[in-house]
Ligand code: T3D
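As structure tokens, one chain now follows by itself in the form predicted on its own.
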Amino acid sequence: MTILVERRAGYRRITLNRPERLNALNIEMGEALVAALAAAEADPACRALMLTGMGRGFCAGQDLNEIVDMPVAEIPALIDHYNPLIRRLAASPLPIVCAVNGVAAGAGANLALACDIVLAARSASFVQAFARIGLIPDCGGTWFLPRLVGIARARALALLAEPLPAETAADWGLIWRAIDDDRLLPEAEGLAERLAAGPTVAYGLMKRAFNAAASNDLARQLDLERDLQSEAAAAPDHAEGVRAFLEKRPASFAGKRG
């Protein structure tokens, strides 16, 4: 199996499972990830996701052994196998925590950046390795990088293809936090549990708003916030959150629409 899916209380943990290839992507893995995301979103008991890698790497990017003899004309079709995965991660109504346990290179780095909260082991690194083989960043790399770290750093990361240590990635705002290696998975699991107990509907609407902000002007974004806020307010979790605040107790969110 190219991925492993574990059901936890309130969330699912998805593990990339090709450790002998540093979890390099292939079409089978990409399709398995899309299917796992769809299954999680269809399960009312699943309210968050956690993504990590098996072994010493997170994801080395595309498995080059599988494309070494691929005709150039087939490259667009290959990328079209992965683009639905990136779209699904970014648009999922579930909050997604990514625990980068080792190198995240090429498409593997951008797979991580498509998630909502990215933690990385201090020993991990992020490499936009495409230039090393005469390609450009794909799987959303040219979209994520300038928005996260600015155009100057994005250009240098892509053109130089140098590894970016996890701590620097955190300092630059590429990821949320760098964590001691032995604390990475417990920290990520704790975040997934916290999100699984939160206002799921509001989380999904937040993601929609942030995604739209990249192309909206202020006026359109204000209108969108108004409309999405109406949806959030209609969910039972809003009323529960207000009651809990007034009663000075922790909220008990159900994660359901009204």
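Numbering starts at 1 and runs along the sequence shown. What you see is a predicted model; the values in this text were computed from it and never measured.
Here the subject shifts to the form predicted together with this ligand, a form of this protein not shown in this document.
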**OP:** Evaluate Glu247 for contact with this ligand in the predicted bound form, applying a 4.5 angstroms cut-off between non-hydrogen atoms, and reply yes or no.
**Re:** no
Subject >> 4.5 Å heavy atom contact, Glu231 and this ligand in the predicted bound form >> reply: no
Original post:
Going by a heavy atom distance of 4.5 Å, is Val103 a contact of this ligand in the predicted bound form?
Top reply: yes
Subject >> Touches this ligand in the predicted bound form: Glu225 (any heavy atom, 4.5 Å) >> reply: no
**OP:** Report whether all of Val149, Leu160 and Thr168 sit within 4.5 Å of this ligand in the predicted bound form, measuring from non-hydrogen atoms.
**Re:** no
Original post:
in the predicted bound form, which of the stretches 217 to 225, 36 to 44, 56 to 64, 189 to 197 has residues with heavy atoms within 4.5 Å of this ligand?
Top reply: 56 to 64
Subject >> Listed residue (Ala91, Ile133, Ala77, Ala156) with a non-hydrogen atom within 4.5 angstroms of this ligand in the predicted bound form >> reply: Ile133
**OP:** Let me know which residues along 1 to 36 have a heavy atom within 4.5 Å of this ligand in the predicted bound form, or say none if there are none.
**Re:** Glu20, Arg21, Leu22, Ala24
